[in-house]
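Just one chain is shown here, as structure tokens, and it is the form predicted on its own.
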Amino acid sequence: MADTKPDSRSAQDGIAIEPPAGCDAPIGVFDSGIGGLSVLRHIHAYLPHEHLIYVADSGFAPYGDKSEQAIVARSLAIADFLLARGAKALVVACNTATAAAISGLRARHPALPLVGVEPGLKPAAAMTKTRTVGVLATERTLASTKFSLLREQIAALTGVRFLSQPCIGLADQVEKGELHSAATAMLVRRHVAPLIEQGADTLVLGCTHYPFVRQLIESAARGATVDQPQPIAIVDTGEAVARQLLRLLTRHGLQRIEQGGGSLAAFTTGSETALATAFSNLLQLHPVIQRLAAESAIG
């Protein structure tokens, strides 16, 4: 689900950066790598007239095994990079970065329309029939205070049991483009099977990389299902993020209403070729991609 905490209206620590007034300004979207493209595709579909800038911090990926301090530093620096290019709004298209850095981003940019992503526990709780939900995410997301509070809050309200599954190595496989390989399928089965065996009938994709291996996840869930007649439900929150972004742009009077299609630019601290291939294969888009030195995103 989208992180929908209202924007702060007062500066904190003496810092206040107002969003650009122009509706033609771009929207900045970033992730640790290509996973955020699963969110970008919904934004592109919902807001086809908007200009978009995407940053893939692939040179520092994955975020899931990095310290919180490092993730916060990267997120703040990438946000500054996008704002320096005139971004009127930011989307943190990474669950791990949202969990670690969204509070710091809001503190630094209190007037900026800002959307993060977090695991869709609330919609999953409404969908489950067995009252058991499996959450697939990175170690860092699952260990975060933000996730723990969200899980405890929704569990207390609904009585649903949430089973957390750290998917070590899965985001790496997606980054490498191994979306259908035997190694990725085996890794997915290893993570999914224990959740189904414990009664989960709903799985939350708690990392923006995981929608790109959704078919493998569904196949693994079917293979592990023994006594459940109903198919396993999958919760992906990319569409909710796009809807929340549209609401914020409308609220701030920043929605671009020109009839012409919006532009798309992309930057990466990793391989330009790898990102171009991901855009082409996953979204059928072909933006101009520029490479950033890894250190430039933190300087």
Ligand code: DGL
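In this text, all values refer to a predicted model and were calculated from it rather than measured experimentally. All residue numbers are counted from 1 along the displayed sequence.
Although it is not shown, the form predicted together with the ligand is what the next lines describe.
- Although the partner is absent here, Pro62 lies within 4.5 Å of the ligand in the predicted complex, judged by heavy atoms.
- Taking the partner from the other structure, the ligand in the predicted complex has no heavy atom within 4.5 Å of any heavy atom of Val91.
- Residue contact check for Glu50: none of its heavy atoms lie within 4.5 Å of the ligand in the predicted complex.
- The ligand in the predicted complex is not approached by Leu203, whose heavy atoms all lie more than 4.5 angstroms from it.
- Residues with any non-hydrogen atom within 4.5 angstroms of the ligand in the predicted complex fall in just one of 265-273, 235-243, 40-48, 62-70: 62-70.
- In summary, among the residues Ala100, Ala171, Val115, Val135, the only one with a non-hydrogen atom within 4.5 Å of the ligand in the predicted complex is Ala171.
- Contacts between stretch 193-215 and the ligand, counted in the predicted complex as any heavy atom lying within 4.5 Å, involve Gly206, Cys207, Thr208, His209, listed in sequence order.
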